[in-house]
Structure formats: structure tokens, C-alpha cells
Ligand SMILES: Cc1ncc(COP(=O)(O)O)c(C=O)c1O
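Take a look at this single chain, the form predicted on its own, given in C-alpha cells.
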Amino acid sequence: MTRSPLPVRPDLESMAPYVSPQMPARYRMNTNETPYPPPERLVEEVAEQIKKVALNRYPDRDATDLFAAIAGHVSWPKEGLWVANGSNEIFMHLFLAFGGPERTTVLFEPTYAVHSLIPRIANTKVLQLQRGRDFTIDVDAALETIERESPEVVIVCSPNNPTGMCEPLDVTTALIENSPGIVVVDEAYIEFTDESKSVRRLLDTHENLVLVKTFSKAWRLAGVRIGYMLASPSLIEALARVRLPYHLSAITQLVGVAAIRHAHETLDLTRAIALERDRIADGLDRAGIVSYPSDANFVLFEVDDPERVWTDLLAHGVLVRNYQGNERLARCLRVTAGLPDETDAFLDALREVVG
């Protein structure tokens, strides 16, 4: 290997890049995508409209139509809306604007790995508080840390990835009301559960709350990369300072607007996916395998030898998520819910693999 002409920043030397294996398998149940393609009418509409896009010109810098469409769909003023290339870029913009040297973020492990990765990229101090044995947040410990450390940013993932459960609203409210900075709630999977579990209602009364959403899961558009956040307009103004010029392509904007027009039929399969999630949990229970309650489109479960089980499942054509190297999840695998035949294939293979 040749030596790099310039070493990476010292604070990034020990940081491993985020990796979610993309491997050939008949049943890809490891990345929490939906296996259902977007509605045919949506695809046809987009294909027709792309013919009219001036691809030799820069896109609308402010994504005017997309902002207006999302604002109307979520009933939130566009001045309090931000849109980016997936929710990951939302987090990057947040930490470029509000993180950085001498600033701190608090999060609750285990959770989505990118929530700690992005602050580190932005040179922000990360405090990782550990969830309890049942993967719930210890509110008293959290509030004590917040009072002592005065973090600029607190991150909550609800439903939490990879454990699956929504945070109770009283827990999230306590964090919001006792945080000196902003509290960012990532609701990437909220459409797969009861909307009453969302923190959306708290936005009207808590100006330090930031709600992050995505089109990658329930909207069936992981390949398009659209994420958005709802927050106080004063927070939104700061993000314009850190975005790249024309960061939302003309095609991204076009697909997003079309998706909003077809919102009802796009989102109508969330219940079917939730039923498969529950069928997976029931099958695991019948097999005597411990799993954790989930409000998302996946189930986390425990086995005695996760590396062997993961390998043997892959040999049966079923790819699930392996958390090898994560001490808190050392016995865990995670499986994505989707099509009924995927559920059948997973449960059949698992019964063979674990006996």
C-alpha cells in the first residue's frame, strides 16, 4: 500500500467508516428498506416529466416546489422546513451549523451508528450514554448528564434503530424541557407504528425540538435520497450557511414532488409491512428465540452464536444484519420486515439453522 501524501485529521484516525454490507442474496433483509417498489403511476409520471427537465442547467437552488409540497403535506410552514439528500445529510448540516470544536452532543447507545459518526466528522465531542438492559433510556441519568455537561445537541432515535421501540413521549418531553440546546428526534421509522407516538405535536410548543424524517423507508424511495426536518425558522436560517450550492438535484426535486402527489398510495403498504414485522416476532417467540418489541420495520433478536447463525442464514439465501464488534449487541441480529415470502424464507431458514 502506498503512503498517503497527507495523513487524515488526528481526531479521525481511529474512526472506522460506516458500513452496511451490500451482498448478493435472494432475500435482502439487512438494511431496513421496503421491498415494495414505488407505485407504478408515480414511476410513470416521473419518467414522463424527466424528459422535460433541462439537465444542462442547474436545479432550482431553493427547491421551491419540493419545499412547498412537503410543507403542505406535513402542515408545517416552509420557513421551518429543511430538505436534504437523505436524513444523514440533514444531520451533517445540523452538526456543521451547530456542532464543532468545544461543542457537545449526547446520544443513547445502542442506536443508529451515523448519529455518533457525523458529529465526530464535524469535530464535535460525543457523549454516549448507555441504555438499560431493556434498551430504554435512563431518564434520571440522562437529565443529570445534561445538567452537568450542557450539551448543544441531544439526539433521540424513535423508533430506535436497531432496537425498535419508540421512546415514550414523557421521556422525550423531559429531555426537551431540560436541554439548554436543541433535541433532535429521528423518526425515520415512525410510519410503521401509531402516529400518536410521534413527537410532532410537541413542535408547536418547544422551539428547541428538531424533528427529522426520511423518504427512504415507508415512502419506498431509498434510492432517491430525500430527508427533511421540521424546526423553528430561526434554526433553519443557520443551515443555509452550510449547504453546498444546488445540493438537491432537479431529479430529486421532481421525484419528491411527485411522491407527495401520490402520498396515499405510496404509504398504503406500511400496515402490511408492520404485520410481517409482527409475524416475524411471533415466529421467533414460537422458536424460543428472544426478540425485542418493535415499532419499526425490523426486529432485533438474540442467538447464542450470531456469527454462525448469520453465515448459515446467508447460505440459505437470507441476508440479515450482524452486529459483530458491538459489545451491547454481541448476541444480536436484526431482520427487516417486508414481503410475506421473505418472512417465510427467514423463519424457515432460521428453524433449520438453530434447530
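Position 1 is the first residue in the sequence shown; the rest follow in order. If you're wondering where the values come from, they're calculated on a predicted model, not measured in any experiment.
Another form exists, predicted in complex with the ligand; not displayed. Remarks below refer to it.
Trainee: With the ligand left out here, work out from 132-140, 183-191, 69-77, 165-173 which stretch has heavy atoms within 4.5 Å of it in the predicted bound form.
Mentor: That would be stretch 183-191.
Trainee: Which of Arg279, His206, Arg225, Arg200 has a heavy atom within 4.5 Å of the ligand in the predicted bound form?
Mentor: Answer to the contact question: Arg225.
Trainee: Could you spot which one of Ser249, Ser179, Asn161, Thr266 gets a heavy atom to within 4.5 Å of the ligand in the predicted bound form?
Mentor: Of the listed residues, the single hit is Asn161.
Trainee: Given that the ligand is not shown alongside this chain, does Asn88 nevertheless sit within 4.5 Å of it in the predicted bound form, heavy atom to heavy atom?
Mentor: Within the cut-off, so yes.
Trainee: Do Leu230 and the ligand share at least one heavy atom pair within 4.5 Å in the predicted bound form?
Mentor: Outside the cut-off, so no.
Trainee: Look up in the predicted bound form whether Val106 has a non-hydrogen atom within 4.5 angstroms of the ligand, and give yes or no.
Mentor: No, Val106 is distant from the partner.
Trainee: Counting only non-hydrogen atoms and a 4.5 angstroms cut-off, does Tyr112 reach the ligand in the predicted bound form?
Mentor: Although the ligand is absent here, Tyr112 would touch it in the predicted bound form, with heavy atoms inside 4.5 Å.
Trainee: Heavy atom within 4.5 Å of the ligand in the predicted bound form: which residues of 209-245 qualify?
Mentor: If the 4.5 Å heavy-atom criterion is applied to the ligand in the predicted bound form, 209-245 yields Thr214, Ser216, Lys217, Arg225, Ile226.
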